[in-house]
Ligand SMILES: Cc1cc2nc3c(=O)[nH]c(=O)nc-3n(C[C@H](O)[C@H](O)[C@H](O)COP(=O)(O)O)c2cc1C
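So this first bit is one chain, no partners, the form predicted alone, shown in structure tokens.
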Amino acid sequence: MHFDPAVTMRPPPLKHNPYTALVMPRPIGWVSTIGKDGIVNLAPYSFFNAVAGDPPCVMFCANGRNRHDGGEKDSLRNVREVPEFVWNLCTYDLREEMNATSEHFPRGVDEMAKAGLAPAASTKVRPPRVARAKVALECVVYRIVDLPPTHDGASNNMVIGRVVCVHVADEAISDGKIDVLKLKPMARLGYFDYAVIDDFITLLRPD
């Protein structure tokens, strides 16, 4: 089958929008930010990835509206006020807490506290990181890029951050490398589905 996404994202026989189930698995952008009022926001983003290695940069997309007031999502509003954020690695042992922070709370609610997560002070940026996260990247906003709006006129924005400090738990390192089997990172699939990385293969480049 094929279809034009400008016409419909649910052509028969599909019952749900398949887009996020086609581009997968995706790393989870578990992003902590802080507003000028000092209130912390922690939210998982389906659209997140590394975009450069030298200098290291990552991005997340705050798409659509805040469900409570129709404005920008809290993470986007926060990075406009305080242009810094932390990406926290979501691992299998943090899956329930990550899911809890996806709830659409009203503005002014500290999702980190709501999920029972302790904050840890960052080294170079103001937003805290998740203390239990075994990997965290402190980022300074490099640019906020406007993307095409949604079909109902809501804004879509890509936030690009330059990594200024990297935190890695000592127990996540084996033989001088990051040990993915010890970390068990989570990945986003489509719908309400996730995957946990507990196996991998190695393919050496031909050159």
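It should be emphasised that the depicted structure is a prediction, and the values quoted were computed from it without experimental measurement. Each residue number is its position in the shown sequence, starting from 1.
Keep in mind that the form predicted together with the named molecule is missing from the display, and what follows is about it.
> Can you tell me whether Lys184 touches the named molecule? I mean in the model of the complex, with a 4.5 angstroms heavy atom cut-off.
No.
> I'd like to know whether Ser122 contacts the named molecule in the model of the complex, with contact meaning heavy atoms within 4.5 angstroms.
Answer no; every heavy atom of Ser122 is more than 4.5 Å from the named molecule in the model of the complex.
> In the model of the complex, does Glu81 have a heavy atom within 4.5 Å of the named molecule?
Answer no; every heavy atom of Glu81 is more than 4.5 Å from the named molecule in the model of the complex.
> Although the partner isn't part of this model, could you tell me whether Asp93 comes within 4.5 Å of the named molecule in the model of the complex, counting any heavy atom of the residue?
Close contact is absent here: in the model of the complex, Asp93 is far from the named molecule, nothing within 4.5 Å, heavy atoms only.
> Out of 172-180, 141-149, 158-166, 55-63, where are the residues with a heavy atom within 4.5 Å of the named molecule in the model of the complex?
Single hit among the candidates: 55-63.
> Let me know which residues along 170-193 have a heavy atom within 4.5 Å of the named molecule in the model of the complex, or say none if there are none.
Just Arg188.
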